[in-house]
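Before any questions on how it binds or moves, here is one chain, the form predicted alone, in structure tokens.
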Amino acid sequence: MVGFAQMILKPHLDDYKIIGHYLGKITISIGVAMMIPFIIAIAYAEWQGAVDFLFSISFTLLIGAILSIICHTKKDLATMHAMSVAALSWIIAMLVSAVPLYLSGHYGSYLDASFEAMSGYATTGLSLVVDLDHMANSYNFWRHLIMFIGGQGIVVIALTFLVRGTAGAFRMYVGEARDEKIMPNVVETARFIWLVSMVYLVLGSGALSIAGIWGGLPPLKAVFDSVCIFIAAWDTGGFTPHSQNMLFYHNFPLEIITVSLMFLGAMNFALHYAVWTGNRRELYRNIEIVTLFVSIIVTLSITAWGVIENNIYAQSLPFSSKTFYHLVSGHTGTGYSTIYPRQFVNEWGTLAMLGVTLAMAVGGSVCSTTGAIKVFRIGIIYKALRQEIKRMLIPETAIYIQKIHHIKDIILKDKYVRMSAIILISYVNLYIFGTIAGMLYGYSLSEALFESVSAAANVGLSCGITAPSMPSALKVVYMFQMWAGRLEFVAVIVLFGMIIASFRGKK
């Protein structure tokens, strides 16, 4: 990294101004988003919450305005600027969004509130909240709204409302781990992502509300909880309004609906567009869907074998519902759970935990709300391996071309295989990094691996390590994993390279 930084030019004042200007716009958008929980606080007569959010809104808008004014520029973003903005926007969003959470009194420290904010934006779902069951609705909704913003993408908000559609805007979009331009224009792509999310918000929340009322919740409570549950299921996040997660509801129809939402959230937005425009054949032809189906079968078999070995669930319905639910929750990166965290260790055992860990490590689709390696890259690596085996078997003079189908037929080129392998190796290293950190604090290999993969793959399932009492250094490790894993490394590497170049770059 240092040698690379010495090869690039040292950033000038204009470079910092461009980055600051766009960071200011994104910060302003976060301040505007805080107005929603502020209105909720007034609606529920939560006056302390209203004061806290009013202060947080003012503070966030002030920071955004200062950045935009001091760093005002009309220059477009180059790749280095765009990647740095994408990486830094998540840090700034975390820091300002943690302010109202910390003021709520439900976090032991500002670090814990920042952990919660990063977990929300990264759609991870690991939580350090204290006494969640008595948290005011405005703060609770802010936790989920953070997740809704993060699932679509912080940069997507800016592209939708504040940033014009330029080449630099697309570079920011790519820096947030999305490189598929669904519509002709990147701003139109961002707006389509929001359109899909809002349509499913109405439909999904409605279905969940009906299931909640059927399960005995008061209508107003059912609607509030359903909106929160939808947000976390669709954005594959894992937050719920209650400390027992989905176990609180004991509602089988609610679980069925959330499984459907998990799958929808794990689908590529380009695939959503294909289906919405009538191309339903894509559902069984797309390499991502096929690979996801195969991966679920494999990891579910491992998990079920481990559960059967430990003879946990005597009846078939609890066995199938618990095993399948948590496998899908892990594979889609959602993190919803209907058991207590320590049951993974004390009841499910090492083999079942390994099955869920592998599912979490693979994840869902690219250009979706999920994290992790993603099935598209697994599919490409499998196809490349198959291609190499066939090349060794056919005559040397023969030419063999391998194609994959992802929205359209694509020739499998070396650059696709190389990038998929780089991302896979990067994630494996990130998983190992968090595992070693966990083991250094005395946790077993299976526990440390489970929690590390959950953080780095932005899942949110926990085996009991994540808690307010865990070491501060481990909190920071998981925060870094959530951030780097959500952005898929490129923007993070560019940011670190720019920081080093600021001191050691060529003049």
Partner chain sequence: MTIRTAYSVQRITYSVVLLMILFAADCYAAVWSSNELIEKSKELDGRKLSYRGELVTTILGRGEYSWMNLNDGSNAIGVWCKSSLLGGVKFAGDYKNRGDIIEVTGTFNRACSAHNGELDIHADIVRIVKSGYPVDRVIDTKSVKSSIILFTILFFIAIIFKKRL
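Keep in mind it's a predicted model, so treat the numbers as computed, not measured. Residue numbers count along the first chain shown, from 1.
The protein also exists as the form predicted in complex with its partner chain; that form is not presented, and the subsequent description refers to it.
At a distance threshold of 4.5 angstroms between non-hydrogen atoms, Pro219 is out of contact with its partner chain in the predicted complex. Taking the partner from elsewhere, Leu445 is found to have every heavy atom lying beyond 4.5 Å of its partner chain in the predicted complex. In the predicted complex, its partner chain sits within 4.5 Å of a heavy atom of Asn251. Taking the partner from elsewhere, Glu255 is found to have a heavy atom lying within 4.5 Å of its partner chain in the predicted complex. Here is the short version: of Asn279, Gln387, Ser260, Gln343, the single residue with a heavy atom within 4.5 Å of its partner chain in the predicted complex is Gln343. Among Leu88, Val290, Leu247, Leu412, the residue placing a heavy atom within 4.5 Å of its partner chain in the predicted complex is Leu247. Of the candidate stretches 328-336, 358-366, 305-313, 230-238, only 305-313 has residues whose heavy atoms lie within 4.5 Å of its partner chain in the predicted complex. Within 4.5 angstroms of its partner chain in the predicted complex, the stretch 114-146 places a non-hydrogen atom from each of Asp131, Asp133, His134, Met135, Ala136, taken in sequence order.
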